[in-house]
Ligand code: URA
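First, one chain by itself: the form predicted alone, in structure tokens.
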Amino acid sequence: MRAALTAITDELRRLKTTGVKTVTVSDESVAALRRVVASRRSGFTPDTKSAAPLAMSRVKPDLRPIPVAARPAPVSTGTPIPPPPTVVLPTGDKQTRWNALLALVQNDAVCRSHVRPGKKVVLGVGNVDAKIMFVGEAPGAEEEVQGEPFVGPAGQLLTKMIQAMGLQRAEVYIGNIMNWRPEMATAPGAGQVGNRPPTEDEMRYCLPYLRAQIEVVNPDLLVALGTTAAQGLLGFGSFKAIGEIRGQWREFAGKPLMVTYHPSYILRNQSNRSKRMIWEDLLKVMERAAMPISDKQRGFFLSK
């Protein structure tokens, strides 16, 4: 429950920084929150079964899903970002080249200058022989601590989505465009609360490192998770809202690219309708990758 509330709080803060002023919440969600507040006042632990689950499981659909509006340009921190680096990797097998890339990123002066003390620069993880590569936008609080992408609540949900496809997380490759968590102003001595989307200049600087990961892994196809990731790969201004292009095949670095919603979309909208939209995109990925698809998988998250 604490992880779910933290994820919701972070997402609301992030939406606020992008200009979103209102969100729609279902009656069921309001009732669940009231039960949590009441249980805390009475000193009892809330019934986690009555709260919205994090997993992509079958739940009662919300009748008023939260809309996803086009996100305006992120706010810059004012720190100048230099031109993108030129990434040159040594010859050798995939693991040797990936290890060299990791060393380059960890020692990149620009990346290191944007990481707070005690936090880590983040590179992608997974199978260097993966056929499918998932791409997000930037590390969050948990990711900059562990130095690995998608390990927080959204990452845990992504793992469940991958498992629903019939794969294990270790069989795919997961990365972000950004190698550091975009900074936000904090009080002296205080940690950063919430996240903001990276600026175009920030993503442009880190893109050569993502291209290098694609070059090393050489996946059959890519999956962009969320609006900002899609903008970073396809170009800012290439679309107004992710709804225009989600579920469509595009191309990046010579690879087929599927655009879908970020897992955090499900964390704030538990309707079967929303889950089904993302799942239909993943079914297209499975078909393109020539993966077996059972009748049960084809029927996931269809409202009854």
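The first residue of the sequence shown is number 1, and the count goes up from there. Bear in mind that the values here come from a model prediction, so they are computed numbers and not experimental data.
Below: the form predicted in complex with ligand URA, not depicted.
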property	result
Segment that reaches ligand URA in the predicted complex - one of 137-145, 90-98, 210-218, 109-117, heavy atoms within 4.5 Å	137-145
Whether F150, N176 and H262 all lie within 4.5 angstroms of ligand URA in the predicted complex by heavy atom	yes
Residues of stretch 103-124 in contact with ligand URA in the predicted complex (4.5 Å, non-hydrogen atom)	none
